[in-house]
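The form predicted alone is given below as one chain in structure tokens.
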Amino acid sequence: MAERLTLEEVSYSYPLPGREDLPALDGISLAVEPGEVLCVAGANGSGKSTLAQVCAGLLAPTAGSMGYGGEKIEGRRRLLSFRRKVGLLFQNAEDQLFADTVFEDVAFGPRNHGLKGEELETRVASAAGHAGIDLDELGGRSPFSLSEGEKRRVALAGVLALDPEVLVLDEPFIGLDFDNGERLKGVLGAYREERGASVVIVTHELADAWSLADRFVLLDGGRCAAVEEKSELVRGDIELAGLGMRLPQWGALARGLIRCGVAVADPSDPVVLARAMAERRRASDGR
């Protein structure tokens, strides 16, 4: 079960030899609540990937502090302990694939954590099952011989095999067709429910995480422009266009209905939107 992850006034700059450091994050404060799906969204260059690596413990803040479960993550020992509780899926799946076979790739992390024998095989089978991988078919193949969608699933299985309490995914939907995207959403939703894990999805498209996310962190130039729930984004208090983002079509539809005075309980549920549209039509026909 995940615990609360907090960032307080976190900044990060990349060191450049012989030059001034390159700032990427500036005073980010946010919390990832236990078991929630948090979407970090922003245009290219907004600091999304840097924030993902900070949340995963790969980059230590150059200023500010992080905490997990009420304790500050400071010092090498606590940082290493925190890293064992977090799984990070990189944007490019091939950056995480290296073993000769799919089975060995998925088994690498838990084996390094001391699992072996039947316990290791059970963990690998469970992770592969979550990610939609048939080990009987693919377990003995080279991961580099697979399709892009299959590579992404193998990389995700390798992360899930670590049994993380916090799952961080950097642009996980890039390059996926609709079916594979929906399959990935199902995997993430099921893992959250079964493990009680927190999930951080980094994306430049709100539509990718719209149906999954509980809240959205909007980044702009390394700063946190807003932290909003779907209902708040739909109401339009934040000007998304100025941040290089836009609502998904169904979010824009929900906004239009709300502005017409129609109540929308869940702006991510197509059934709710269809009923709201029918209500609007009945009201129009009755005039």
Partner chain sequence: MVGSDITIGQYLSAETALHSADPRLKIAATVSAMILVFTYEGWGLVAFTGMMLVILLAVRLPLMPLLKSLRAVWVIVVLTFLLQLFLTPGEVLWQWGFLSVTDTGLMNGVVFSARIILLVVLLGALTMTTPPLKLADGMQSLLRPLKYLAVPVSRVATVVSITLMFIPNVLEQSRKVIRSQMARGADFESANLLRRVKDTVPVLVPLFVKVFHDSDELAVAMYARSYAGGEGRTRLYPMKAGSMEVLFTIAFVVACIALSFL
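Treat the numbers as computed from the prediction; the structure is a model and nothing was measured. Positions refer to the first chain, counted from 1.
The same protein has a further form, the form predicted together with its partner chain, not shown here; the description that follows concerns it.
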query	finding
4.5 angstroms heavy atom contact with its partner chain in the predicted bound form for residue 109	yes
Heavy atom of residue 172 within 4.5 Å of its partner chain in the predicted bound form	no
Exercise: residue 59 in contact with its partner chain in the predicted bound form, heavy atom 4.5 Å	yes
Exercise: residue 91 in contact with its partner chain in the predicted bound form, heavy atom 4.5 Å	yes
Which of 76-84, 188-196, 213-221, 120-128 lines the interface with its partner chain in the predicted bound form (heavy atom within 4.5 Å)	76-84
Sole residue of 115, 135, 97, 146 within 4.5 Å of its partner chain in the predicted bound form, by heavy atom	97
